[in-house]
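Next comes just one chain, in structure tokens: the form predicted alone.
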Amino acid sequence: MPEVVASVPNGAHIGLGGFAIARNVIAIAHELIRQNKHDLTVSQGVAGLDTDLLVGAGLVRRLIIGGGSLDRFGPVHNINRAREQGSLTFEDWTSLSLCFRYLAGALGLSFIPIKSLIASEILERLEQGSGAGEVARIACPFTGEPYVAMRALVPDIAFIHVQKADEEGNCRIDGPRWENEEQAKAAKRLVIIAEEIVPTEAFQREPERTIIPAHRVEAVVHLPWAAHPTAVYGSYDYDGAHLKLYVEHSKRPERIGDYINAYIRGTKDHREYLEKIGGEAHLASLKADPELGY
């Protein structure tokens, strides 16, 4: 993990997988904070705990998101506070339009058309704000119908958390995938964080379940519980008690630093963080039921 994060230059555009409090790349966010990577552009379909942490630590310069929340635990306080204070540049899209922009990048296209933004307040705000250079109203060359052309979204590096990978980088994502597959295939570099490493033969037996193929992947980091305190379908549930603790700290700017110093900068790596939040005994209580997946 530290070696991979050390290769991320300051000012990079990073794409983060996951969604709200599900399958977030928390261990990556922690290590970015420990190494004080800064002036980052972050794109994510629905911003979650990982992005809120990076904003709270002051590492983000620009956010490209399709909304964001901590689900039942409330709003992303650090992100919302930065919006109110005008301390970041925001590009606010819909999660669908961001997925299309990643898809354009994955297909090697410079832009992609969409209809769902037409006549929306979101499009007007993009045109009048920081997204002005990312959208253009066009007419279909065949029918004359109106479309919105969106520039392809191509992160410098994407981090995606998966349940299973092999040593070559073939990956499975069980449960909801959101825009993670398109994001992974759009990025110039791709790093996978895996709960479990399985033999390649397991992928060969069920090739239709391979969501990200090995040739797209630069590195695989094997790190169980790397999404804690968020959930990973089929592996473990979210840690409600710790999420409430985080929310209480994130509500006030003077307290988010206390959380970051205690749980991130005050730990040398993710394993030490896991010990600090309760260790194996606590984590065992979060393991998913094999039938229900949560």
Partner chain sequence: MREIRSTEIMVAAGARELRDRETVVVGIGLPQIACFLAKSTHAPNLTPLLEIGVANMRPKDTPVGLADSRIFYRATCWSGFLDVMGMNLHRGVVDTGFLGALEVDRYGNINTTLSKENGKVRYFNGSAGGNDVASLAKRVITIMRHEKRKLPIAVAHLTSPGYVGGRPRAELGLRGGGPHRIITDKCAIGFNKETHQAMLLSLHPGTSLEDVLANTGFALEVPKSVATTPLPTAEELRLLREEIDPKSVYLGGVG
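Residue numbers count along the first chain shown, from 1. From a predicted model like this one, the values you see are computed outputs, not experimental measurements.
The same protein has a further form, the form predicted in complex with its partner chain, not shown here; the description that follows concerns it.
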### its partner chain in the model of the complex: contacted by all of I21, L96 and C99, heavy atom 4.5 Å
yes
### Task
Considering its partner chain in the model of the complex, find the one stretch among 153-161, 213-221, 88-96, 186-194 with heavy atoms no farther than 4.5 Å from it.
88-96
### Task
Considering only heavy atoms, tell me if Y238 and its partner chain come within 4.5 Å of each other in the model of the complex.
yes
### Query
Looking at the partner-bound form in the model of the complex, is E168 within 4.5 Å of its partner chain by any heavy atom?
no
### Message
Please determine whether G293 contacts its partner chain in the model of the complex, using a 4.5 Å cut-off between heavy atoms.
### Response
yes
### Distance check, G175 to its partner chain in the model of the complex, heavy atom within 4.5 Å
yes
### Query
Does anything in 103-134 come within 4.5 Å of its partner chain in the model of the complex by heavy atoms, and if so which residues, in order?
L103, I114, K115, S116, L117, I118, A119, S120, E121, I122, R125
